[in-house]
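We begin with a single chain expressed as structure tokens, specifically the form predicted on its own.
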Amino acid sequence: MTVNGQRVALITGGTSGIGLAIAENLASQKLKVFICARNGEAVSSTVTGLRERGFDAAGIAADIRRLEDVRKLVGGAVEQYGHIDVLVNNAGRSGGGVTAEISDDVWYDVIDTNLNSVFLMTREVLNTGKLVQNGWGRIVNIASTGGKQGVIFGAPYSAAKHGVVGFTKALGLELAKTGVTVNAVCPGYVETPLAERVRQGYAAYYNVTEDNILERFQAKIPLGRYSAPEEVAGMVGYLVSDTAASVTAQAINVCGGLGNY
């Protein structure tokens, strides 16, 4: 179901990188977009930029690790647009190190940010957003190729993303007859601010330059380069379309051939 013929997408982490590219992609497809991030100024400037391009956009600051903020976020989107048709769980963070040295705070924050938030957001949209009752809906979770194989010095990240893939497949089967599809998109190396921070971390660990780490990573990718955020967003754009109605409970790679599984 849509109201006034225009669907509404709620995108977490929508102010930079993959999340911003997704917001731009869906807005260009004439969806109304409601975004969030923890930084209120970033949300405001991003919404302003989208509106200046003629897109229907809104958003608020929210920390999707916190149930109160999740409820505020979903409630705000419903108050703004009346309903939610598409949920994109994109917000995430990197994190790890030598496993024996990982602090409790890092472990729990990576799990809370990358996995528990996906559950909290999805549950709230299914209830407050009435996604199933609408008879049509799309949930897309941004996972990772690290959700299908191990990531060295990234145990909490890999564990969380494996959880996202499992959650996606289970919920996709659960909702299969409702008109709501549930899929995961699994990026490999994507050139974003987060990717730069990851390279910095590995460079510090191996005591080499960031350029050296970039060369190592690119050498592992059959395509020979990082993916662009817009390429990941393109897959999301397809999955939320009517054409993708028979695609559900899948975890689809966008990774330049890094993972062929």
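All of these numbers come straight from a predicted model, not from anything done at the bench. All residue numbers refer to positions in the sequence shown, first residue = 1.
Beyond what is shown, the protein has a form predicted in complex with nicotinamide-adenine-dinucleotide (NAD); the following relates to that form.
When nicotinamide-adenine-dinucleotide (NAD) is considered in the predicted complex, only one residue from 156, 137, 92, 129 comes within 4.5 Å through any heavy atom, namely 92. Shown here without its partner, the chain carries 13, 63 and 189, all of which come within 4.5 Å of nicotinamide-adenine-dinucleotide (NAD) in the predicted complex through at least one heavy atom. Stretch 63 to 71 is the contacting one of 50 to 58, 208 to 216, 63 to 71, 24 to 32, since its residues have non-hydrogen atoms within 4.5 Å of nicotinamide-adenine-dinucleotide (NAD) in the predicted complex. In the predicted complex, nicotinamide-adenine-dinucleotide (NAD) lies farther than 4.5 Å from every heavy atom of residue 203. Not displayed here, nicotinamide-adenine-dinucleotide (NAD) is kept clear of residue 237 by more than 4.5 Å at the level of heavy atoms in the predicted complex. nicotinamide-adenine-dinucleotide (NAD) in the predicted complex is not approached by residue 223, whose heavy atoms all lie more than 4.5 angstroms from it. When contacts are judged by a 4.5 Å heavy atom cut-off, residue 233 does not count as touching nicotinamide-adenine-dinucleotide (NAD) in the predicted complex. Annotation for 15 to 37: interface residues with nicotinamide-adenine-dinucleotide (NAD) in the predicted complex are 15, 16, 17, 18, 19, 36, 37 [heavy atom within 4.5 Å].
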